[in-house]
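Only one chain is included here, represented as structure tokens and corresponding to the form predicted on its own.
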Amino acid sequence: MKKSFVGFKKAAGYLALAVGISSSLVGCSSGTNTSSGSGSTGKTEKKVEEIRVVAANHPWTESIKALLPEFEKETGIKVKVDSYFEDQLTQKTAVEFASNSKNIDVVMFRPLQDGKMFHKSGYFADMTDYVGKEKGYTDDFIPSSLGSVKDGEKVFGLPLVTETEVLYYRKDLLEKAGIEVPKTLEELEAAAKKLNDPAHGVSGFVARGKRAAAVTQFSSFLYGFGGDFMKDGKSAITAPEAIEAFNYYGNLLNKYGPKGTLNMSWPEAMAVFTQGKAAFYTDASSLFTNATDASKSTVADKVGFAPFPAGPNGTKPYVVTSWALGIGANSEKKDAAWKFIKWVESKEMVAKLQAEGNPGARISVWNSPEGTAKFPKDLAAAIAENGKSGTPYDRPVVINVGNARDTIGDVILAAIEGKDVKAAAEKADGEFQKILDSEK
């Protein structure tokens, strides 16, 4: 194991002490094979296998809890679900994994935030053989969603919840101005310029402008220009294509964006759009209810959705797995854990869960009426279109994600402020490369 990962495990151990968690107590209430001895009849009751699923406090988790009796009846396997808030989940699972706990059978994780760190540290079981024994099992999964839970041909998880970047727009403003829905970034810029009307409180375009928060949404612009965050272990943020993308994104917000853009993550940017103060907005598809719910949005009946516009290199928006399921490396119930994952990832179950608003990764479900019933028709179409050419990551795929996003975010800030983007990128390039080198 590489030095950096050994260090991570030590750090996780120290964290356990800091938060007062004893490895001997972690998961003590989790599922182990249970049985009762011989009763008065002299008969021994059949052992009941129980698995522990460690998950996030998420709508998917609440939906699946209600369906667990179906799985338990079908398999005879009991399921115990422990759920936590996102950051707490990362902390608790890191501590348990680092202490070599055997009590995590199935784990819900964020592939692009914790996935690489956990995988490289040996915390996930290799699921390649399980998946391989099921003929054509992954053929129906959106290809880019699988990319974030694989290391080469090895599978360490399966996609659970997906999202992609789409174009939100005001149908009434476009119709009044006689503007077609932009299909390219060039058309988007022209339309944003035409609809920008600060005198009447309407910006042509709004998006995230806050340092780290902007990186994920900038990524689709970067890919559309033919750039990437890194290539062959080397920083690629000073490549001509990347500089073009930084300049384009910054120019849109600098010229046609609202005031205060530099302090906007998604809640602030979404608020500008839902208050009727912007014509266009690019962000995650999973946030759509904020724009279409009349109790939250003043333009709920005027919102349209479209695929992410194509850049000079075509349309390559991120289509990512925001949450996935894996099997704990030290679990002694891997077969039972796989049965649960196979069940919950089946077409039938994904259809049920997606009908409740949990966007899955099954192509056939997205193409079904049941799977898209909770989504506006144009949004469902946009998601399906994005899936044809999506990129499986929306940030650098590194262990130290936070520092990497901060570093690249500095270049985005410079672009929005109208500063020398090339100089900012060159400065960030060295810092980003240090992060990459530290993880080799």
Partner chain sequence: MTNWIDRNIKWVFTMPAVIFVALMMVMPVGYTFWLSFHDWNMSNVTPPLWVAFENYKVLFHDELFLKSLKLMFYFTIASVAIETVLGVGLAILMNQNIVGKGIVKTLFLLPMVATPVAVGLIWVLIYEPNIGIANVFLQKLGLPGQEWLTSQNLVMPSLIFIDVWEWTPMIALIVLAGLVSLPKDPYEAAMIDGANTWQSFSKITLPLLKPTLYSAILLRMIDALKTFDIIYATTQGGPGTSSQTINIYGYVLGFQYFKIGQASALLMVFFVIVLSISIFTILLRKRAGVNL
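Residue numbers count along the first chain shown, from 1. Note that the structure is predicted; figures quoted are calculated from it, not measured.
The same protein also exists as the form predicted together with its partner chain; that form is not shown, yet it is the one meant from here on.
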Quiz prompt | Distance check, residue 277 to its partner chain in the model of the complex, heavy atom within 4.5 Å | solution = yes
Quiz item: According to a 4.5 angstroms non-hydrogen atom cut-off, is residue 251 in contact with its partner chain in the model of the complex?
Solution: no
Quiz item: Does residue 397 make contact with its partner chain in the model of the complex, using a 4.5 Å heavy atom cut-off?
Solution: no
Quiz prompt | Non-hydrogen atom contact residue 90 with its partner chain in the model of the complex at 4.5 angstroms | solution = yes
Quiz item: For this chain shown on its own, do 95, 402 and 406 all sit within 4.5 Å of its partner chain in the model of the complex, going by heavy atoms?
Solution: yes
Self-check item: Candidate stretches 187-195, 305-313, 116-124, 346-354 - the one whose heavy atoms come within 4.5 Å of its partner chain in the model of the complex
Solution: 116-124
Exercise. Would you mind picking the one in 240, 260, 132, 233 that has a heavy atom within 4.5 Å of its partner chain in the model of the complex?
Key: 260
Exercise. Would you mind checking 186-225 for residues with a heavy atom within 4.5 Å of its partner chain in the model of the complex?
Key: 210, 211
Quiz prompt | in the model of the complex, shift in Cα separation for residue 386 relative to residue 154, 3 Å or more | solution = farther
Quiz item: Given that the CA-CA distance for residue 154 and residue 231 shifts by 3 Å or more in the model of the complex, does it become closer or farther?
Solution: farther
